[in-house]
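Quick heads-up: it's one chain on its own, the form predicted on its own, in structure tokens.
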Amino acid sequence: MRQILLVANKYRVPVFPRGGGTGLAAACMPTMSGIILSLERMNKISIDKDNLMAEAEAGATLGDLIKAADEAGLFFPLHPGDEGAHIGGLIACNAGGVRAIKTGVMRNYVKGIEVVLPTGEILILGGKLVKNNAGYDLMQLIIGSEGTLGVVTKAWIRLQPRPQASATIIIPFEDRRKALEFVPKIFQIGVFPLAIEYVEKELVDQTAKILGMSWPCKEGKYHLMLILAESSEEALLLECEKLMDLCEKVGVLEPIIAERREEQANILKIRSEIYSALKNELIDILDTTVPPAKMADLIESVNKLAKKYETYIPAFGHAGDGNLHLHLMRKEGWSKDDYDRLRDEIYEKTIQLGGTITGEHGIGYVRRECFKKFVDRKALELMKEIKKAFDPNNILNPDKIFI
């Protein structure tokens, strides 16, 4: 690895690090002649039970990490979706996903990395440490840099004790705003689920049909899907009781509670595969993010835009952290400019609500123009200077994030 980057840097040959290829912003896509650097053979994982840490090479998959942690009686809570994603890619893109509410996104788990810089130097930052306050946190700069500052080859990842009890709850609503305004109330009663997902019944029913499965909740047009994970059955029961009391107080439709592991896995599978019901007519997936209490305002604005442009914009997402996935669907007679106009109007409203154009997918190649348009100019200047400091010859993923 080091030798490849030394030679590439000397002769100014572009290098494109590539993991599992599961990202949604084309950050690992080679876009010019150069070297594609696959890390798939670097796939070793070892578990340190005493320190609750995994040492994982960049080519190990999310599925590998989940399995290794489970076999050691531990738990890796994060689940961005595709278990074929590589650890290096999860770090490079600061992956989020369904379970990010209670314990955070990828950067909250990474305690150390081994990284090869574009100039060939090898850095080890952090390690099996809970605290590390020595100077600028270069590791956090590299996490989320989408393969533009260095190639992550190994990581030390914090694990947790395995939950002893879990449940998945579906809460149905007839009114979308009421569903989304219910989310802050969950936190206010002291319940912090592993996940709170907003889905529309029409979409999950379509997805379940494609998968040959059945979505268990038949009532309501709009659903919240909650995943609870606790250290004991007693703690789980207490959380469920608090939620049911809140449901009764607010006046929702009849919730569905799944406790068996298979039932819970089926519900999560359907939620994770909604894309399957949309992909044939899909033009773009946005992952706009606003303060969670502003999600209802954002989705109402999106519905107004859908009516204005006479199009369909399916929506679902991570209601607990304000990350909404909006799908721009194919419309007869539309050009790229038409889709861009609609996307920019959604982004403008997102920014007005105190949000950002991407909560987890990143900028990559496909969001570069939007990033330039919607990010603070000074912030953009500073990011470009950081890129130059790490990669003076601009060989590593050279045309990603910035235009």
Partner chain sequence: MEIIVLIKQVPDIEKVRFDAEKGRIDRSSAPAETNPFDLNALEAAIQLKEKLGGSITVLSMGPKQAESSLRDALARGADKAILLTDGRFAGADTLATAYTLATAIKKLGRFDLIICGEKTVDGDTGQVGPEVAEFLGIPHVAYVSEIREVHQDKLLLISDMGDKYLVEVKLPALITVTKDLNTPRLPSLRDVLKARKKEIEVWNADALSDYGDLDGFGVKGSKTMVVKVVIPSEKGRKGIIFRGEDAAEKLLEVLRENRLVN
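Numbering follows the first chain given and starts at 1. All figures in this text were calculated on a predicted structure; none of them were measured in a lab.
Only in words, not in the display: the form predicted in complex with its partner chain, which the text now covers.
Interface residue in the predicted complex among 284, 174, 248, 300, criterion: non-hydrogen atom within 4.5 angstroms of its partner chain: After the contact test, the surviving option is 248.
Selected contact from 306, 258, 296, 117, since only one has a non-hydrogen atom within 4.5 angstroms of its partner chain in the predicted complex: Comparing distances to its partner chain in the predicted complex, the residue within 4.5 Å is 258.
Options 250 to 258, 148 to 156, 98 to 106, 186 to 194; stretch whose heavy atom lies within 4.5 Å of its partner chain in the predicted complex: Stretch 250 to 258 is the one.
Joint contact, 36, 60 and 84 to its partner chain in the predicted complex, by non-hydrogen atom at 4.5 Å: Zero of three within 4.5 Å in the predicted complex.
Contact of residue 262 with its partner chain in the predicted complex (heavy atom, 4.5 Å): Answer yes; at least one heavy atom of residue 262 falls within 4.5 Å of its partner chain in the predicted complex.
Contact label in the predicted complex: residue 216 to its partner chain, heavy atom within 4.5 Å: Answer yes; at least one heavy atom of residue 216 falls within 4.5 Å of its partner chain in the predicted complex.
Residue 139, heavy atom within 4.5 angstroms of its partner chain in the predicted complex: No, residue 139 sits far enough from its partner chain in the predicted complex that none of its heavy atoms falls within 4.5 Å.
Residue 241, heavy atom within 4.5 angstroms of its partner chain in the predicted complex: Yes, residue 241 lies within 4.5 Å of its partner chain in the predicted complex.
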